[in-house]
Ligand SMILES: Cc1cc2nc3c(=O)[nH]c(=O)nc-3n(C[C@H](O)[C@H](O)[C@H](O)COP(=O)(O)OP(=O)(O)OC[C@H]3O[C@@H](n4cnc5c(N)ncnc54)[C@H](O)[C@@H]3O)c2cc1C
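Listed next as structure tokens is one chain, alone, in the form predicted alone.
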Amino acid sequence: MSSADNPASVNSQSHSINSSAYDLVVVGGGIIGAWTAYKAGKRGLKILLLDAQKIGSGASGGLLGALMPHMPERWDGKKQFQFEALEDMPLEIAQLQNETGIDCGFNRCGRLAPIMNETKRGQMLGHGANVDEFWLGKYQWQIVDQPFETDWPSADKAICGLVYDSLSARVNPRGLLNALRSAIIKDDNITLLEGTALTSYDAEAKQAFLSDGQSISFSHIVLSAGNNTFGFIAPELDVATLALGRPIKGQAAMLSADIDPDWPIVFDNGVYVISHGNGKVAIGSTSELEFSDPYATDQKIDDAIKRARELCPLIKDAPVIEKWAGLRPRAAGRDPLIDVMPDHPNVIVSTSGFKITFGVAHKMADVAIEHVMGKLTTTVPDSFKIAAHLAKARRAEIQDNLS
């Protein structure tokens, strides 16, 4: 299979826009918007996909690609939604790869996480009792005493063993976005308009107003423009934009190292080390609430690289071939936000899965399309809905006013 590394660098091959109405306008060509347009096209809907730059040019076009489940304990709707999405993902990606010939870099490689004390080891052992119930007996959650491979990670970092799970996976973010873009361009039901942003919309008049001066008619609109989504919906919800959602800066790096692509993700205290095969290992990631330049790398990623080299000595001398920085959306709660706007059922908000977005974006797309089709069959946790996020946003506003 072929693969272009960066979807933002691919020459635009967008269809010409026309003046007729669209069944659906999708705003934002990140991982959620791209999946939504791709899947809606399969349903025969007439789609316009807008991106202010190019597909994958924002936070979705990063380097890491970790797809890690929540622990099998204190199970709730969010964890169930994510589990179902992670289960479905191999089939979704296989179909996409077959259509496009582009490798998405998916591998259910599992994860190893060092345990540093006996108390934590006991807690991790306890979680294993729930695997059969919550993970349906299909995946492992076990404590191992030594790494499977020497220095992946260092045994010195696993004083009390390691947690291994076989559900975790990884994907090449740029490969996946390239595949989605390729499929979108080939679909006659979808018009892709890159380099053009949504400036505003009128839900009642069913009009979208674009940065190039065009006015587009639609039946439904999906707002999946990352951090910009909050600016579109906050005024209608009568809440401050930053209370509803604020950007989080993340930094990551890619190293050149010949590590077996089937080796598990190593995760320890916020640091990820992921073998993507083809001589590449991803390191990440930071989560920064305060920053001066959202798109510049700095000492924080250098510190993460240093910690990763100590964690996995096999990459101690591996050269850095790329560093990346960008802004990820995070709603008032860290859960995804997927719901229809109050009083406007033709406006669907779909954004902000924070750290789990890549693993659930295809399932969020299904929910958005079900709203468009007028028949919601997927179970959506209450914490994903606008009412829950709005309640948290208003509590945040009150706290800010008191401080």
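Each residue number is its position in the shown sequence, starting from 1. All figures in this text were calculated on a predicted structure; none of them were measured in a lab.
The form predicted in complex with the named molecule is left out here; the points below concern that form.
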Considering non-hydrogen atoms and a 4.5 Å limit, does the named molecule approach Ala52 in the model of the complex? yes
With heavy atoms only and a cut-off of 4.5 Å, decide whether Leu198 touches the named molecule in the model of the complex. yes
Does any part of Pro72 reach within 4.5 Å of the named molecule in the model of the complex? Heavy atoms only, please. no
Just to confirm, Gly175 within 4.5 Å of the named molecule in the model of the complex by heavy atoms? no
Candidate from Gly226, Gly245, Gly105, Pro264 lying within 4.5 Å of the named molecule in the model of the complex - any heavy atom: Gly226
Quick one: of Ala365, Leu48, Ile348, Leu64, which gets a non-hydrogen atom within 4.5 angstroms of the named molecule in the model of the complex? Leu64
Tell me which of 179 to 187, 245 to 253, 130 to 138, 108 to 116 has residues with heavy atoms within 4.5 angstroms of the named molecule in the model of the complex? 245 to 253
Ala59, Phe232 and Trp324: each with a heavy atom within 4.5 Å of the named molecule in the model of the complex? yes
Could you list which residues of 26 to 52 come within 4.5 Å of the named molecule in the model of the complex, counting heavy atoms only? Val27, Gly28, Gly29, Gly30, Ile31, Ile32, Gly33, Leu50, Asp51, Ala52
